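One chain is shown next in structure tokens, namely the form predicted on its own.
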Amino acid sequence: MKIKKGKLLIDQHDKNFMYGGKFGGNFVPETLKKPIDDLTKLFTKLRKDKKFLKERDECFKSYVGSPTPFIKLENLTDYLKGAQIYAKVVSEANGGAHKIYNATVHCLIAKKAGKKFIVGDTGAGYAGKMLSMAAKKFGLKCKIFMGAKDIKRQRPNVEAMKKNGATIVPVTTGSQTLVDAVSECMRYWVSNCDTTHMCVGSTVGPNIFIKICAWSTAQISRELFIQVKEEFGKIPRKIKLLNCVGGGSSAIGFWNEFMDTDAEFVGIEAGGPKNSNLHAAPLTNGSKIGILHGAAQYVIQDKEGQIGSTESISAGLDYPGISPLHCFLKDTKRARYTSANDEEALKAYQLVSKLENISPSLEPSHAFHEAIRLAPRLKSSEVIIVNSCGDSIKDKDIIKQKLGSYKR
């Protein structure tokens, strides 16, 4: 089992849509097989359609705001005195996060499919916010499923969704977080798939949703590949691409174009509260393979094999599973995974927002912690790039509560 060079990662599955024969697949009820097959056929056609690709690219440029900035963090680099630290500031995209790419493509697909309604899940609120924005732009009616716990802790994004005309469905079952929102969204789609298109907010779920999301967010690395070559004249051999990992969409998008290079991929999961057994880091903590939301993956489980509880200060990383693509990257050793706890993420946010003119949300703050840890140990000839994939505005209440103040 290995990564095949020259072939997109999303297409490296077998006839059963399994990556490495172990991860992914379509473990869905009979009622979902036809809508999934129909969507798979449509997307297979659209991703080769020049007219559709042109429409996508025009939307990314004029609506999303591509390309997003690639900057050197001069002050952080000087402060740590080690590797050169850069950031791909994806939070400068319309709406403040990487989720806008996936939301835009899904709305384009919904229009091509003749659907008037679109539904989606959200944890941090960014996937929901972006979907509500894109739905409004394309004239679609939008419904967002969100855990009741997340509704309380991500209030700014909830308010934004309402302003965009979306209906928010509070999910009060289970942990009342992202995992339950995804489950309820899928249940709704089963009963309404004839009129409604479903947008899964990350690279999780049945294979077609993994493909659409990863294909959409790959725009991040397409831009970055060009920007890195312009900055250094080539792709540096000693380069590390650091990205937070929850469901895994921003990381796959960040790494996609660098698969065939010597770039090192480092994924940072949510380690949860310090001195707690609860976390959202299945890859870092040796979780076993299980089935979640229609796909086989490493997933946090209890002794009976039931989906286990998670906890993280970051709603966007608070998920018990992980994209099958990341499981594949881990098993092939193409990517390395670690974690940062809540306190480490907060400290990283403090340092970065103090020294630089960016204010990362708590999700990429996990990746910035790893950059801060690694940089002093590396030579100045080495390069670290962090995907600053979200803006801290959505976390202002949490940050103010934890740190006593919030300044963007």
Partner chain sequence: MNSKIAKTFANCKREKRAALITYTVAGDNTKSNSLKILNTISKSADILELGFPHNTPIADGGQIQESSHRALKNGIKLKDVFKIVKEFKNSNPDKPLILMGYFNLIYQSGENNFLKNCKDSGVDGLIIVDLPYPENKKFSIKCKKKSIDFIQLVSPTTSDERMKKILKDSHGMVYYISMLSTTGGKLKVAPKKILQNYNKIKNINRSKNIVIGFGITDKTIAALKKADGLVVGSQLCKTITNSLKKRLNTAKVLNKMVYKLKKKII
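Positions refer to the first chain, counted from 1. Predicted, not measured: the structure shown is a model, and the values here were computed from it.
The form predicted together with its partner chain exists for this protein as well; it is not shown, and the discussion that follows is about that form.
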Among I208, M259, C193, L80, just one has a heavy atom within 4.5 Å of its partner chain in the predicted complex, namely C193
Answer key: of F27, F70, Y63, F52, within 4.5 Å of its partner chain in the predicted complex (heavy atoms) is F27
Contact test in the predicted complex: R187 vs its partner chain, heavy atoms, 4.5 Å: yes
- Tell me, yes or no, whether K333 is in contact with its partner chain in the predicted complex, where a contact means a heavy atom of each within 4.5 Å. no
_Can you tell me whether G165 touches its partner chain? I mean in the predicted complex, with a 4.5 angstroms heavy atom cut-off._
no
Contact test in the predicted complex: I307 vs its partner chain, heavy atoms, 4.5 Å | yes
Within 4.5 Å of its partner chain in the predicted complex by heavy atoms, the stretch out of 360-368, 42-50, 27-35, 341-349 is 27-35
